[in-house]
Every structure is written in C-alpha cells, then in structure tokens.
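Two forms of a single protein chain come next, each set out by itself as structure tokens; they are called structure 1 and structure 2.
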Structure 1
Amino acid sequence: MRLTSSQIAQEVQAQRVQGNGEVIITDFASLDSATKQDLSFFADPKYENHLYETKAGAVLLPVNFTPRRALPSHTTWIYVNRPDHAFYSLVRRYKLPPLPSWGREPYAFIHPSAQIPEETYIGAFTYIGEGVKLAKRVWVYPFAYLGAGVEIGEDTIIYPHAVIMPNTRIGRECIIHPGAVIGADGFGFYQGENRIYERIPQVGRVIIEDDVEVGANTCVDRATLGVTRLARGVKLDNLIQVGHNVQIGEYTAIAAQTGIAGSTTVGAYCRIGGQVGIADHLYVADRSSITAQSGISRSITAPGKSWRGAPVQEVRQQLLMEAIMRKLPELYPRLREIEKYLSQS
C-alpha cells in the first residue's frame, strides 16, 4: 500500500479532513504503536488518551467526535461515519493476503463420487471421501479430512488439518480453523454384560449453519442420535469442547477453552467467556452473559442476565460475595473477639 492521506479520505468517503493531505501512508497500526507512515483509527472512547499521544500519520475518527483538547498537528485527522468499518475495509483491501486461486494441487485423494465444482481450491494432501458435496467457492486447505457424506456450503473455508467426520453439514460463509475436529464420537457409555463401559453407538451428526466459525483445535462431537447444532452466526474460539447433542443458538460467541457437556442447549446471542464449564442436560437462556472461568451446574432460565462464579450467581451477588470473602481473614478474629468478650461478661 502507498496512498496519500487525501486518497484515503476519498476512499472512505470522509466527511471532513483536518491536516496535511499529502502524508504518505504505507501500513496500518493501533494508535499506541503507529508510526508516521501508518494509518490508525479511534472508535472506543476508553482509548481517547491515545489520540493525544499517537504518532500515526493519519487517523480515522468519528465525525461526531469532539476532542477534549487539541489534536496533535503532525497527524492528519480523517472524520468518517464509522471509523472501524472504514479502517477494516481498507485493511481488507490493501493488507489481507488473497485466498488461494481455484484449482487442485497435487496429491489430493478425491473419491470419484464426490461433487466438486471448478470454482474451489483443493489443497495438496486433502482427503475427500465418498459422496462429499462441495458448493462453489469453497477452500479446502492441505491436510483437511472430509469424511463420507460431508456437505459444505458456498464461500466456506476449511483450514489446514481440520477434520470433518462423516455426514457433517457445514453452511455458507463458515470458517473452520486449523486442527478443529467436527463430528468425532460423543463420550457415552452404558454398563455392558461383560464390560463395565460399553460404547453407546454415536450415529447422529453435526450441523453447522451459515456464518459460523470454529476455532483452532476446537472439538464439536457428533450427536448420539439426532443432531449437534451450531446455529447461524455462532463464533467459537480455540480449544473449546462441545459435547454430543449440544445446541448453540444464533450469534452466540464463546471464548477459548470453554466446555459444554452433552445435551445442553445454549440460547441465542449469549456471550460466554473463556474456560467456562457448563454441565450436561442444561438450558442457558438467550442473551446470557457468562464471565470467564464460571461453572454452570443448573439451568439458567431468565434471559439477558450476567453470571459469574462457580457455581454461578448473578454478577452483582457474586461480586459482593467475593468482596466479603476477601474480608474473612479480618472477620474471623472479630468473631472470636466477640465470643471472648461475651464469655467474660
């Protein structure tokens, strides 16, 4: 990239520009790490202080923003409606490497019954099993395994080393990150006659709807019977465990290393922190917000609340409890003091 600040202002349909229009911009950076050839942006009021100290060559900022004090004159200030949108669309256009071109690399194993349109990328060392159906504009990176009967929708990316076990269905515009395992057997046993643990046959499947992301090395188990489902817009970070028959509702986002045990239903539009544990056969209501490292062992039926702790309580209650817990080391001696006083009186 090599653009002047004026050219950038034009590209993002700026409302107003303050400063030198001839500054040369060659890269992107955050406000606090930018140098004079970088473009940066300001959107979150929390970081307003960074504005007055930035060394960026140009900064995108909201058209309705009024700075508390004078903005540095060595920077060109470009006012737009949505600076984050404008910034990320420039990053996408000028910095994001293109995806591989359509075509097939050598050493792909493709079952003759698989349906693969021309407009797809099939990397080296990919395994595409019997009856697999790919839509147009699917990228299958090297070392991806697509088991028999897998179906994948348009504009979906399967990154290297992803494992998609048989009969999994993945929608459009999804991203399956490296090393993710979709559709492995659920963890279920019953007491057999000769064996303590007899494996319950896992004959269900995983259905992933449109616009879903599954993070690196995350596991989504197939259903015992029926379906494990990630609804439209679900975003899973890395190293997450999703047990058999779990249902995750639309646009719920979950941070890394969280685990959801079998047959639990998580509602829509939830935000779940990292390292959270949710036990089996529970229900978590829509729009729940769960702090990192929480533990959920009972269903949450009231929607739209914030939860924290293990076992969880509503955030306010849990924070109060935690504050008093930290006072216990002084509280205990006070109790003894009272007892001593009373025993003497």
Structure 2
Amino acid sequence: MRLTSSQIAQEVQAQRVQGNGEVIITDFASLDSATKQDLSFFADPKYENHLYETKAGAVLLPVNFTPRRALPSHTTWIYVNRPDHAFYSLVRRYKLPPLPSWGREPYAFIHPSAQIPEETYIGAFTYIGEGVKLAKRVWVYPFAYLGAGVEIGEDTIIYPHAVIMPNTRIGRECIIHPGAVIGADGFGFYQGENRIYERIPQVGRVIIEDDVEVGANTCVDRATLGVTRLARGVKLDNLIQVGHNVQIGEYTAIAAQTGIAGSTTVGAYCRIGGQVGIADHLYVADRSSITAQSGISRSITAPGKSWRGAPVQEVRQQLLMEAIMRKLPELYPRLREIEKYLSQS
C-alpha cells in the first residue's frame, strides 16, 4: 500500500481533513506504536492520551470528537463517522493476503461423486469424501478433511487441518479456522452392567448457517439425534467446546475457552466472555452478556441483562456481594466482639 492521506480520506468518505494531505501512508498500526508512515485510528475514549503522543502519519477520528488539548501538528487528522469501521475496511482492502486462485493442487483426494465447481480452490493433501457438494467460490486449504455428504455454501473458507465430519452443512460466507473440528461425536455415554460406560450412538449432524466464524481448535459436536446448530452470524473464538444438540442464536459472540454442555440453547445477540462454563439442558436468553470465568448452572430467562460470577448472578448483585466479601476480614473481629458482649449480658 502507498497512499496519500488525501487519497485515504477520499476512500473512507471523510467529513474533513486537518493537516498535510500529501503525507505518504504505507502501513497500519496502533496509536502508541505507529510511525510517520502508518495510519491509525481513535474510537475509544480511554485511549485519548495516546492521541497527544502518537507519531502516526495519519489518524482517523470521530466526526464529533473534541480534543482536550491541541493535537500534534505532524499528524494528519481525518474525521469520519466510524473510525474503527473505516480503518478495518482499509486493512481488509490493502493488508490481507490474496486468497489462492481457483484450481486443484496436486495430491488432493477428491471422490468421483463429489460436486466441485471450477471456481473453487482445493489445496494439496486435502481429502474430499463421497457426495460432498461445494458451491462456487469455496476455498479448501491443504490438509483439510471433508467427510461424506458435507455441503458448503458460496464464499466460504476452510483453513488447513480443519476437520468437517460427514453430513455437516456449512452456509455461505463462513470461515472455519485451522484445526477446528465440526461434527465429531458428542460426549454421550450411559452406565450399563457393572457400571461400565456404554457409548450412545451420535447420529445427528451439525448445521452452520451463513456468515459464521469458527475459531482455531474449536470443536462443535454433532447431535445425538437431530441437529447442533450455529445460527446466522455466530462468531466463535479459538478453543471453544460446543456440545451435542446445542443451539446458538443469531449473531452471538463467544470468547475463547468457553464450554457449552449438551442440549443447551443460547439466544441471539448474546456476548459471552472467555472461560465461561454453561451446564447442560439450560436456556440463555437473547442479548445476555456474561463476563469471563462465569459459571451458569441455571437457566437465564430474562433477556438483555448482564451476568457475572460462579454461580452466576446479575452484575449489580454480584458486585455488591464481592464488595461485602472484601469487608469480611474487617467485620469478622467486630462480629466476634458483639457475640462476646451478648453472651456476657
């Protein structure tokens, strides 16, 4: 990339520009690490101090932003409606490496019954099983496995070493990151005679709707019967476990190391932090926000609330409990004195 700050302003449809419009920008960086040839952006007030110290060549700012003091004159300030959106659109356009060209690389195994359009990329050492159906503009990177009966929609990317087990369906514009396993058997056992564990056959499937992203080494188990479903727009971080028959609603985002036990339903537009544990057969209402390391052992039925702790409580209640807990070392001696006084009276 080699653009002037004026060209950048034009591309992001800036409202106004303050400073030198001929500054050459060749890369992207954060405010605190940028150099004179980098573009950065400011969108979060907690980083405002970085504005007055940045060495960036150009910075994207909110249109309605009023600085507390003078901005550095060596930087060009470009005012836009959504600096973060504008910044990442430029990163996507100029920084991301291009996707591979259409075609089949050597040593890929493709079953004769698989339906593979010409406008697809099949990487080396990929396995594509019986009856697989790929739409146009699908990228399957080297060492990926697509089991029998897998269906994948247009503009979806399957990265290296991803495993898509048989009869899984993946929609359009999805991204499956390296090492993800979609459709492995759920954790289903019962104790038979002599308390020996017997396997419950896992004969359901996984359906992933459009615009879903599944992070590296995340596992989404097939249903025991029926379907494990990730609805449209779901975003899963790395190292997440989604159990059998789980249903995750539209545009829910879940951070790393969260585990969701079998047959739980998570609503739409939820935000779930890292290392959250959700027990089986529960319901989490739409628009719930759950902070990191929370433990959910009962259903959350009220939509749109924030939750925290283990066992989980509403955030305000949990913060009050934590404040009281911090005071216990101070209160305990006083309580003992009161008990002693009462026993002597």
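Note that the structure is a prediction, hence the values are computed from the model and not measured. Structure 1's sequence is the ruler for residue numbers, which start at 1. Only the largest set of C-alpha atoms that superpose within 1.5 Å between the two forms is called the rigid core.
Remark: the form predicted on its own is the source of structure 2; structure 1 originates elsewhere. We note a C-alpha movement of 2.5 Å at residue 10 between the two structures, with the rigid core held in register.
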